[in-house]
Structure formats: structure tokens, C-alpha cells
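There is one chain below, alone, in C-alpha cells, taken in the form predicted on its own.
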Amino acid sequence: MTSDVMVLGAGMVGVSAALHLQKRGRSVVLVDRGGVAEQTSYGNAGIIQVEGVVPYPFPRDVGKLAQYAFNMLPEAHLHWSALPSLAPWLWRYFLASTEAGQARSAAGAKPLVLASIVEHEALMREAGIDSVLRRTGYLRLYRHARQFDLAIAQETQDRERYGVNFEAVTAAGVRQLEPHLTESFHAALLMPDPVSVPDPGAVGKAYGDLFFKRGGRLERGEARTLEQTSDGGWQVQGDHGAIRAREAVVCLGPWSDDVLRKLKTWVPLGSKRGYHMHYTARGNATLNRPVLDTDNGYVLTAMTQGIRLTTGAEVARRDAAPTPVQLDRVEPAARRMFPLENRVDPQPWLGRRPCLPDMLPAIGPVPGAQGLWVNFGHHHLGFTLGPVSGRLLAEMLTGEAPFTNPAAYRLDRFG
């Protein structure tokens, strides 16, 4: 059977693209080595970050760079052995993180980010899971006045430039919003507009079930076997033979460059790895919203599986063995902040965030490869941007007028 489109990768980005293509009358097959939402889409903090217009920059302060380089800060962990292979990507990331570069990236991110909740809501209604949305925002917690004052200044600037909303919260206000925190804070910033879910993996699977209900199918296959056929279509090798389609979309997150490199297309793709662990809570303690410990760079949020602790970024080779040292470093701080009890998971979960140097995704056609498209590189916002980038990709592929100018997401923008 030949489909109109094969989507390689069944994470949040891939399944969302498949649904939007399906809505526009295309027959679609999802291809993955596993099931829906089982990789990076499973392990995030569950926040749809409608405030996340300004991307995370490469640090340019010399003092902070030195601290990161020698693994002195818990929010980051560097594998020195990975530097030879990661240096080209890191250098481009550094160059893209100037003030002007950040402004360009924020301008490119804004139309996607601002539409992220609306697009999730649409899919959730169709999948019958819109009740899972928690409209509580999230808290950024500060222990020291200086850090809080700097954060207020930055957020005020971002509000003026990009419309990012925030509210200052006093120490008493923090206690009122989150009465089960066991540590006192100087103040907090409430980001009121983001929403969250108690199980991002389950949301991805619900989108997958909607795709199947509407006639889509999932095939097990190896994306790295992608090749163009003699009639101009595309095929990969599946568990039960060749899987064919007239067009193909690469939505493989941090593995996307494996496929593109084989087809003689180079992209400067890196990954920031991250870990999570679930915990039980003592007594009836719970969190009303996700909370970010700004001193230590981790997020705590109440999930279906327990209280999830999600770490910051590990800069390492994508497929290096897990080294969850950040989790071990921040867990004591998390236990001081909230009454965590026992670890739930047998081992920490590891995910890989796919990052292009300007922290914008690649969405659109592959130059010189008729019928081949991409949708990857959503860095820390894959869960947030899956549905809206899927919509944009589907509009472009089907010839519909795109809801925003897609030039900022061109695959060949890096030269």
C-alpha cells in the first residue's frame, strides 16, 4: 500500500503533523521503531510554554561559562569527552546567542509559541481529553533578592518586546499558592499564561489514538533506510517489507540528522539531554502547579506517576550512556523544598532535546529532494510546539496558505 505521506517519528511533533495532514485529506502512515510518544515526548515537565518566546541562549558571561565548563552549577552538566564532536554545534550556538541573534530567534519563535495552547486545545477536544489541562501557570522561585530583581528587569523587558506576561509574588503569596513547600523563598514570578498536563506521554498517545481512529496507521520501520524510489516517491524498510509513500516528513527529533546525512543534507543539530524521576510525597502534600527552582535549575510538578523532578541540560553525545549526576545533585535541594519521600522509578528516565543553533525548529521542504520535508529541532519546546508546527508543516505540504511566514524555519538557513 502506498500512502500520500509517511511521517517518520511518532513523538509529539510527528503525531501532530500526521493529524494535521490527515485533516487535509492526505492518507498518512506513521513510521517508528516503537510506539507513540515513547521517547523525548514522554519525559518533559508537561508545560505548554506559551511564555517561552525567548529561547535559552548559550551563556556569554565569562564567569558563568567557567562554572558550566567545570560542572559547578547543578542546572548543567558537560561531558568533556564529547567536546570534539559537539564543538561545531556549540560554536554556532554561541554565535547565535548575541543580543541581535536572540531577538531574531524570539521573533521567529513568537508566532509558533503564541499559538501553541490554541492548537493543543483543538487536538485535545477532538481526542476527548481537554479536561486534562491545568490552567494554573507555573512558579519561578527565588531565594535571593538580587536574583529576583534581575529576573524582574529581564521579564519587564520581555513583556515590552514580546508580550510575555508575568506577576510578581511575595514570600507570603508563595506560601498561599503552594502551602506544602517546606522552604521559604524571598519571592517568585508567576507565569500565569502557560498550562500544564499531568501526563504528557498520555497526551501524545491520545493524539495517536485519534490518528488511528481516523484511519491512520503505525508501522514499525527503520527511518535510516529512507530512500527515494524510481517513481519519485519515498520508502523505508519496515518489519513487514517496504513502506512507501509519495512524500515523506522527517520528525525524528535528535535522530533527524542521521536520516538527512545519508541523503547528503547536513544540519548543525545538537541535543541537550535531560533526566527525570518520580517520587511519592509524604502525607497529603501536593503541588498546585509546576515550580522551577531557579537556583538549581530543576522543575517539580505533580504527575499521574508521582511528583516528577525534571533536570536541566546535559551536554553530551546523544547516544552516550546515561550519567544522571544532575539528578543526584539537585535531589537534596528538592527534598528541602518539598516533602518528597521515595523514588518511584527503577532508574532515571533519559531524554534528548533536539537543538539547532538558533533554537528555532526546521519546518519545510528539503532543498533538492522533491517530496521530502522536515519538522524537527524544537529544543526545550517539543511538547509545546508539536501541534502548531504540525499545522504549519501540513499547510506548506498541501499548498495551503501558511498561517505565518515560514522563512525563519528553513532547513537551509545555516548555509
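Keep in mind it's a predicted model, so treat the numbers as computed, not measured. Sequential numbering from 1, following the sequence displayed.
Keep in mind that the form predicted in complex with a small molecule is not shown, yet the notes after this line are about it.
Residue contact check: Arg33 to the small molecule in the model of the complex, 4.5 Å heavy atom: Answer yes; at least one heavy atom of Arg33 falls within 4.5 Å of the small molecule in the model of the complex.
Partner contact for Ala10 in the model of the complex: the small molecule, 4.5 angstroms, heavy atom: Result yes; Ala10 sits at the interface with the small molecule in the model of the complex.
Distance check, Glu222 to the small molecule in the model of the complex, heavy atom within 4.5 Å: Glu222: yes, in contact with the small molecule in the model of the complex.
Partner proximity in the model of the complex: Ser105 to the small molecule, non-hydrogen atom cutoff 4.5 Å: It does not: once the small molecule is placed as it appears in the model of the complex, Ser105 has no heavy atom within 4.5 Å of it.
Ala45, Pro254 and Gly351 all contacting the small molecule in the model of the complex, non-hydrogen atom within 4.5 Å: Every listed residue reaches the small molecule in the model of the complex, so yes.
Options 59-67, 381-389, 357-365, 22-30; stretch whose heavy atom lies within 4.5 Å of the small molecule in the model of the complex: Heavy-atom contact with the partner occurs in 381-389.
Selected contact from Pro194, Gly201, Gly208, Gly274, since only one has a non-hydrogen atom within 4.5 angstroms of the small molecule in the model of the complex: Contact check passes for Gly274.
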